[in-house]
Ligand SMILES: C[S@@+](CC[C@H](N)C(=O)[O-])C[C@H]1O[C@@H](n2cnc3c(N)ncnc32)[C@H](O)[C@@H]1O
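First, one chain by itself in structure tokens, the form predicted on its own.
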Amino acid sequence: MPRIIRVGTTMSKEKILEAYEEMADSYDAKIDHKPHNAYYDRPNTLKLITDPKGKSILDAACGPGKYAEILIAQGALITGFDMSPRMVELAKRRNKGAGDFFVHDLSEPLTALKDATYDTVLCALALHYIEDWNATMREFCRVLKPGGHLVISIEHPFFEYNYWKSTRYFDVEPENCTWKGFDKPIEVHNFRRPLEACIMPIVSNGFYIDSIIEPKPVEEYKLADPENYKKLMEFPAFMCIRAIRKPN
């Protein structure tokens, strides 16, 4: 089993929250066309959400509400949350009163939400901020209807292992880097994990995996950033997973 390298959880949460509060407005301004989001993550993750019209979807760690905006336009009923109060404000503003958004930490129990409420839980590029996914997966399972879909996008474990130049593949390790794409440098903390620590918390907590995409960028990425387009066509940076909640 993967070994988790424990760090000060409260300190990590504070640093993650501080980073997202600081970048929120710039993130919102760029999210429509930032290549890694608009032309890599979103189109591949959205492939796994089939026929959203009329479906009740929980957008976990919703950020400024871009996924919500797309899915609401397709007729979905959206509930979204994020640990950043400013991101929640921006999600409400972007969606102009549509959807229900609130502040909540992804790693904490979803006590405000009832059992078996949602057809789909979406969690895009956020799980790497949590050390241990098990409690979060149990909550996702609880709030999903039997047969409901969990759709996640994560940083690819093989890409991360190479990127961080790790020498401890089997461990869950705290990492941090400086993001420079949001007007000013911002230090962001997260956790790198092996493939087993990505898959087993899903299948051990009420799901079976239905689909995995090791994504390639869409053509618009090539126009926006030819160099990274070429790299992503050769080796994935993300992984998209759809899992089905098992019947009771």
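This one's a predicted model, so the numbers in the text were calculated from it and none came from an experiment. Each residue number is its position in the shown sequence, starting from 1.
Absent from the display: the form predicted together with the ligand. The rest refers to it.
Next on the checklist: Only one of these stretches, 24-32, 46-54, 195-203, 209-217, has heavy atoms within 4.5 Å of the ligand in the predicted complex; which one is it?
Outcome noted: The contacting stretch here is 24-32.
Checklist entry - Though the ligand is not shown, can you say which of 110, 72, 124, 141 has a heavy atom within 4.5 Å of it in the predicted complex? => result Here the answer is residue option 124.
Next on the checklist: So the ligand isn't shown here. In the predicted complex, which residue out of 154, 83, 151, 90 has a non-hydrogen atom within 4.5 Å of it?
Outcome noted: Contact check passes for 83.
Checklist entry - Given that the partner is absent here, does residue 129 sit within 4.5 Å of the ligand in the predicted complex, heavy atoms only? => result Answer yes; at least one heavy atom of residue 129 falls within 4.5 Å of the ligand in the predicted complex.
Checklist entry - Could you tell me if residue 229 has a non-hydrogen atom within 4.5 Å of the ligand in the predicted complex? => result Taking the distances in the predicted complex, the answer for residue 229 is no, it never comes within 4.5 Å of the ligand.
Next on the checklist: When the contact criterion is heavy atoms within 4.5 Å, does residue 104 count as touching the ligand in the predicted complex?
Outcome noted: Close contact exists here: in the predicted complex, residue 104 approaches the ligand to within 4.5 Å, heavy atoms only.
Checklist entry - Though only this chain appears here, would residue 40 touch the ligand in the predicted complex if you measure heavy atom gaps against 4.5 Å? => result No, residue 40 sits far enough from the ligand in the predicted complex that none of its heavy atoms falls within 4.5 Å.
Next on the checklist: Taking a heavy atom within 4.5 Å as contact, would all three of 16, 20 and 62 count as contacting the ligand in the predicted complex?
Outcome noted: So, yes: the whole triplet contacts the ligand.
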